[in-house]
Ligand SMILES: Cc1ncc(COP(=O)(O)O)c(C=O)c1O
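Okay, here we've got a single chain as structure tokens, the form predicted on its own, with questions on binding and movement later.
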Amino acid sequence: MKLFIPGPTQVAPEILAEMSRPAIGHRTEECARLWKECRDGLRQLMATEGEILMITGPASAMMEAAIRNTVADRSLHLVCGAFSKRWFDIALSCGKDAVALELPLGQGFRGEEVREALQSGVDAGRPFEAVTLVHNETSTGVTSPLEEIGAVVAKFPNTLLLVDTVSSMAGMPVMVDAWGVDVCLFGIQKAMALPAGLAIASVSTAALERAETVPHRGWFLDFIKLRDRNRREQSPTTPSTAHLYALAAQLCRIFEEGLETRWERHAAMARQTREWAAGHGWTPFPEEGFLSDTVSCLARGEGPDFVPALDTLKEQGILVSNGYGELKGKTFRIGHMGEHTSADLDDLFERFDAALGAEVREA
């Protein structure tokens, strides 16, 4: 199956081969070397000097960890799609006084909206301890301006900025320290182009200091426990060493390509996808100014029904995503991230056009 969904995405054969290496003991010198190599590479990828935490699990676990470790009472959640709403729901399930600032689907957040919401908390005498943002909302193809929002949150020194970069990390610029991100988390199955199963976060000094004061952080998700084991280049629990081998190798591939070159490749594929869609009368679902470089969410507009073509492509071993949740049948999503190239998209679009033609003839 060839994956053009918004994750998981294609994995290079040589990276898959890394995962077939024999298992090693997780308390051995070899594992410690591998752990350190991965964390050093991740700091470079994320442009941070912060603590790098890794757990075997999904990115949603790191979303919960971010709440449990940085919020004792009150948090603000920027909600503009399914995954940003998930973070809000996680905070509620952890017993926090979570407040959602919600926008209609297809819209992204601007700095001024965030400033007003944070200031309202201060004015009410109940400031927010943290604000959560999904940088690239996979369900709608919306990218919010992280740098702009980070500059706003920086003016509220007691509020931490928690950011989900699940579908943006390694596919578009994310400058953790320069943009004031306190917790930057992601999974590895999207633009990182690795098999799912590892969750990663960078954590600032301010976030770690906050964690030391927050009770009931849990055990598996405790930032302090994870940080302390990092000092021995270990995980508190048994990690997936197969994923560590693959991550180390994939980081080398990414740096060989060059980060800026990789970002531009993703941006070029996004432009290529939008140009092809426009030729069919399909339009970007997000508002102008919020278009993602890693996943295009396309609305039907004046174009033909795309659902039968999605089914035809699936029969051919090519997977393209229908819309998410209430957008199903109204939008579809093409993931152009990770190892995909312009030539891969040319092939996809040729097959998609053929599938559309077949549906027209049958109709």
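Just count from 1 along the sequence shown to find any residue number. All figures in this text were calculated on a predicted structure; none of them were measured in a lab.
Although it is not shown, the form predicted together with the named molecule is what the next lines describe.
Shown here without its partner, the chain carries E51, V203 and F223, none of which come within 4.5 Å of the named molecule in the model of the complex through any heavy atom. In the model of the complex, the named molecule sits within 4.5 Å of a heavy atom belonging to F83. Remark: D182 does not count among the residues lining the named molecule in the model of the complex, judged by a heavy atom distance of 4.5 Å or less. The named molecule in the model of the complex is approached by P58, whose closest heavy atom lies within 4.5 angstroms of it.
Remark: Q189 counts among the residues lining the named molecule in the model of the complex, judged by a heavy atom distance of 4.5 Å or less. Residues with any non-hydrogen atom within 4.5 angstroms of the named molecule in the model of the complex fall in just one of 134 to 142, 215 to 223, 265 to 273, 73 to 81: 134 to 142. Site annotation in the model of the complex: the residue of V166, L146, A246, A170 reaching within 4.5 Å of the named molecule with a heavy atom is V166.
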